[in-house]
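A single chain comes next, written as structure tokens; it is the form predicted alone.
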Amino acid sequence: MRNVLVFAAAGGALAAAIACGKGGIEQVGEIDLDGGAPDDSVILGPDNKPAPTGPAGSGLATGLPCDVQAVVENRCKTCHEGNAGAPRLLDYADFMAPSKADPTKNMALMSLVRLKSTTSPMPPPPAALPNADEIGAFEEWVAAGTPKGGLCTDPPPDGGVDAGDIGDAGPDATPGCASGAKWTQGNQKSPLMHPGVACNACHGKLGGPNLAFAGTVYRGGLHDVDDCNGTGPPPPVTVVITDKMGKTVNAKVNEAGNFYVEAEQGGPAKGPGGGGGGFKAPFRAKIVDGTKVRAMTGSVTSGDCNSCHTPAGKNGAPGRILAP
């Protein structure tokens, strides 16, 4: 199991895992927490040994700065996975490659140009446009000379999920719908729509609000299928998200189990229960259900929670996010 991030419940309740974090970039003999590192630096894991590398969204090290990787995972990855004609933009090497449209610019600079463009924006319509924080992450990176990123996450050691409690879903997982209620209204706009579906990925293609964080909380439905309603009030359930500087934002879980934090155009993030602009990756989250709490023991750069918390689980996640 690699880079598994665990939601550990207080009082010995079940644990649920979340992934999409990555290892660290460190210069040999020097720890560098997101401060940049030379191109030939070694990518190390939490055990100070060479860590496996991989694309954004895989749970492996990408070489991108944390805030840049967060933008890639939330806003770019869906289209730029190297198919359908769009160039692959998933790791440091991809962004250092020369642009085919203008070989005098690398893909990092060209990405910034397109993110800021009013005539040929990226992501293209009908996708939600990037906000000031997302553009700023690329601007700061390019202005600094596009250095490699530093250590972004601190995943627990291998085996962080208690297999006796949950275990990995794997290919033999039996999908279901514990709540017995499903969303049946297609793409009709609603905060209750498509529980379990990766919200940011969908909005990145079909349009909708620019969501900084979004997901679905379930109560006992570890392998619930897409569009199956998750948990909801009463009692009220809240997801508390914390950035690397300790800044927090609260998102209330609605009756479909969905929660979200919306990134306002040119302004602070907002969501049901609180605001929080200027968030810096990586992020942690905890689920508060009355007096019960399930908290992540690691951190992530992606805010598209359902992209890993699928019915069978991806990138080390055992399945859905569970309430404590």
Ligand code: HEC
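Each residue number is its position in the shown sequence, starting from 1. Predicted model, so just to flag it, every value in this text is computed and none were measured.
From this point on, the text means the form predicted together with heme C, which you will not see here.
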- Task: Using heavy atoms and a 4.5 Å cut-off, decide whether Gly85, Leu206 and Ile241 all contact heme C in the predicted bound form.
- Result: yes
- Proximity to heme C in the predicted bound form, single hit among Ser99, Asn131, Ser179, Asn250 (heavy atom within 4.5 Å): Ser99
- Here the chain is shown alone; which of Cys228, Cys199, Ala137, Cys152 has a heavy atom within 4.5 Å of heme C in the predicted bound form? Cys199
- Decide whether Met122 counts as a contact residue for heme C in the predicted bound form under a heavy atom distance cut-off of 4.5 Å. yes
- in the predicted bound form, His194 touching heme C (heavy atom, 4.5 Å): yes
- Message: Against heme C in the predicted bound form, would Asn187 count as a contact residue? Criterion: heavy atoms within 4.5 Å.
- Response: yes
- Message: So, Lys148 and heme C: in the predicted bound form, are they within 4.5 Å at any heavy atom pair?
- Response: no
- Could you list the residues in 102-129 that come within 4.5 Å of heme C in the predicted bound form, counting only heavy atoms and keeping sequence order? Met107, Met110, Ser111, Arg114, Leu115, Met122, Pro123, Pro124
